[in-house]
Each structure stands twice: as structure tokens, then as C-alpha cells.
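Heads up, the chain below is alone and in the form predicted on its own; it's given as C-alpha cells.
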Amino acid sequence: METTSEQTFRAPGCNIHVIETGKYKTNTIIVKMRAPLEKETVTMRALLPHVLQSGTENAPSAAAFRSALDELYGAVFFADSAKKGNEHVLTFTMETANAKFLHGESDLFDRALVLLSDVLFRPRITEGAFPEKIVKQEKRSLQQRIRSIYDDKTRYASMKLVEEMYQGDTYALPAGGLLEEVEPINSKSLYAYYQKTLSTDTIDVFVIGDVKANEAAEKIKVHLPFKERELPVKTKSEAVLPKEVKEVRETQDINQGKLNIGCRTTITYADPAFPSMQVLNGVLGAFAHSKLFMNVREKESLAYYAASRLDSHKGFLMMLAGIDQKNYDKTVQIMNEQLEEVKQGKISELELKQTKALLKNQLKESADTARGMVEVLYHNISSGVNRPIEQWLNEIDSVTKEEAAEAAKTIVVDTVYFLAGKEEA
């Protein structure tokens, strides 16, 4: 097994995490910038990475930028935005070949870092703002991405459930932005917001690969000169437990109904009981041997799919199924029964064993790629806890049936959302 060591360096405005490993054929630099989810900024924030990667001072168009990547032996760059609990995270990823596999290309890492620095610090600017044409183009693309969720009914139902369940909480905001907020954005307002993110976001920079930690950290400090900032104090949002179950029904012209049941739990990633919650979610619905899949889909043939998902940074668990409308009552009943079963500790040794094996496998597979490794580390950084991979694997392994049941007891059903087809209604 390749040895992997991890070191963290404090730099002005950011933390630099260097993972020295010979395990990958690439060297990867990832910049993660997070800020609280807010209705006023969520759409600008979803748009920003796409504008930044469509041209820099030195590579002023998308085509020129692609050429610059090609010159780095086909380096890969991409940027996106995602939600982590009540925070909105922008991720910029630069992957380049490990120079030791290329003869006479010792400065590949530095050149890749310069290109990444161009994206973040030297975007293409005209008259003190982003180019109007690029902003318009990227706004259209963003509008299409937001509209495409409406066409993907499974994603749409999940989003609607979160909106219904978290009214008054910024967690209800979609990471991809709000359609009605796209049009008002202009090149000047976006540029002003970009400058604000550079100076106020909480920033972590990761370097993963065949590098020397001290050298890599020094290079990051030179090429990514973030300014010092006051970091916000993280407030822990308390889980609000519902007084009664809310039922919401929507009708559209679709063939297959979407049933999504949203639940709250007080256990999040930062909680010592989190591995128990993971095991519980695995037994309940995360895998093909899980109770929801076996009972709703296989035994009763009620659903095209049946599963559960957990947002580890919010304490949000969702049970979901694709069903015919006539099976609504029966499916809701069976799904609730499965949740009740795990609360009572009705979990077989086989279910427990299979779940642990699959969870550990997932975690190991994540750590097998540089990007996956960063996601695992970022859980810890953004939650302010320390759960190294080896420890996490051991904790999953040692979860008992009783502990999984205790985790299940913290789950309370909040909202049942059903997207029904018209012709049946």
C-alpha cells in the first residue's frame, strides 16, 4: 500500500492541505470556497464558476482556455457549486499528469497552478466588469440547467420536498440557483460579488499527489494570494422536530408518480453517532438489499425504485419511491413500517453485515481517487471534527444492531410529498 501523509499549512486567507502520495498518476489541486447559503447570492454563486472558466486575461475565450489545458498534456479543469448543509461550496479542480511519467517536463505542476491562478485572480475583464457577452451566454446556460430539473421528475420531486419541508430555512435553496433570480444579474453585479467571495469566503486549498508538502504549500501561497479575512463563527443549526406530518400533493402530466418522504434527525456528520446513522440508512434504503428496496419493490412490486438518502450535514433523511398513484396509501404505509422496524431493532445479521461491507467499500473507493479523497477530508474540515478514514472504517465496522436502532429512533417523519400523474387524478 502506498504511504500517504497529510499536512495542513496556514496561509493568508486560506488553509492549505497537502496529501503526499504516489498512489495516483496525476497531481490534483482543488480550491474549495464556502459561504452561507443566502437567497440574495445563491444564483450569482451558481453562475460565477461558469463565467470564470470561460476566459482569463491570458486565455480570453473558452477555446483559448481549452488550448492552454491541452498544452499541459491534456490537463483537466472544472468548476461547480454544491450545498453542504446550510453552506454553499464552490469547487475549482485542476488535474494534471504527474511529471515523472513525462520526460523533461519538470514544471508541469507550476504551469497548471498558474492557469488555475488565472481563473481565480485574473479573469477576463472589460471596463471593470465581466464581459457582457459571456455573462449573457452563461446566464442562458444556467436557466437551461435550472429548467432541466423540471423535466427530470425524480430530481424535481426531491427538490420540491426540500422546499416544502424547509420553508424559512436557507437549506430550502437549491445549490444551482433560482430561475427568477438569473435575469436581474448583470456583468457588474456579478463582478462585484466575485470580488466579495475572494475576500470573505472560507477557503481551503488541497494538493494531492507526488509532491513535497512544504514546497507545494509555498507554491500555493505565491500563486493563490488570498487576503487575510475574519472567518465567520459557525453556528450549529438545531434540528426542529415537526409537530405533525405535513402532506403535499402536486399533479403533472406524468406516467409515474414520485413519492418522497422527508424526515429529520438530530444526528449529523459531526456527531459521534454518525457511523450508526450511516449503517441505519444503509439497512433502511441505501442499497439493493435494503428494507425499502426489498419490501416496497421486490416483495410487493409497488415501485419502480425505492430507496433512502441521507444529507450528513443537515440531519435530513429522505425515503423515495416511483409508484402508480393507486398504490400511494399502501406504499406510504409500508415505507413507514420499514422505518418502524429499524427503530425496534428488527435488523438481521445479514443486513448488518452486507451494509457495513458496502459502506466500507464506498469509502475505500472514494479514497482511491484524488477528488474522492478530498471530499472525505472536507467532511471533517467543514464540520470541525476529525474522523480520519481508518477511524471511520473502524467505526462503521463496530456499529451494533442496537446502535443502529438508537440512531433510527432520532428520525421523525416531517413531510410527505407526492407528485401525481394527471390522467389518474
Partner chain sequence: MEKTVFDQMNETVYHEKLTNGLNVYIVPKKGFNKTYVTFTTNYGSIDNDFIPNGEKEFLHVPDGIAHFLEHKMFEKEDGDVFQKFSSQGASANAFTSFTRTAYLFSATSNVKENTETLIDFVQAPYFTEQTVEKEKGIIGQEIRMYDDNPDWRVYFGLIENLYKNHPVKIDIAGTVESIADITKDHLYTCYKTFYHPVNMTLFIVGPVDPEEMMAFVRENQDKKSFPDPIPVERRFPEEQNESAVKHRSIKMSVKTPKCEVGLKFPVLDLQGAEKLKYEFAAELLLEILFGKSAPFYEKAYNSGIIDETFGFDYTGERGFSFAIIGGDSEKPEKLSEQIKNQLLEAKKGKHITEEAFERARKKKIGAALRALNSPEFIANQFTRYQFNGLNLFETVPLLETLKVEDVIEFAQKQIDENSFSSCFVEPKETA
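Positions refer to the first chain, counted from 1. We call the rigid core whatever largest set of C-alpha positions still superposes within 1.5 Å between the two forms. Just so we're clear, the structure is a prediction, and the values are computed from it rather than from any experiment.
There is another form of the same protein, the form predicted in complex with the partner chain; it is not shown, and what comes next is about it.
Heavy atoms within 4.5 Å of the partner chain in the predicted bound form map, among the stretches 267 to 275, 164 to 172, 222 to 230, 302 to 310, onto 302 to 310 alone. In the predicted bound form, the partner chain sits within 4.5 Å of a heavy atom of residue 144. The partner chain is not drawn, but in the predicted bound form it has no heavy atom within 4.5 Å of residue 88. With a 4.5 Å cutoff on heavy atoms, residue 367 counts as touching the partner chain in the predicted bound form. Not displayed here, the partner chain is approached by residue 133 to within 4.5 Å at the level of heavy atoms in the predicted bound form. Shown without its partner, this chain lists 120, 79, 217, 97 as candidates; in the predicted bound form, only 97 has a non-hydrogen atom within 4.5 angstroms of the partner chain. Between the options 183, 107, 337, 71, the residue in contact with the partner chain in the predicted bound form by a heavy atom within 4.5 angstroms is 71.
By the 4.5 Å heavy atom rule, the three marked residues 148, 298 and 323 all count as contacting the partner chain in the predicted bound form.
Contacts between stretch 162 to 182 and the partner chain, counted in the predicted bound form as any heavy atom lying within 4.5 Å, involve no residue at all. With the core superposed, residue 336 shows a C-alpha displacement below 2 Å between this form and the one not shown.
Remark: with the core as the superposition reference, the CA shift of residue 78 between this form and the one not shown stays below 2 Å.
Annotation: Cα of residue 301 displaced by at least 2 Å between this form and the one not shown, core superposition.
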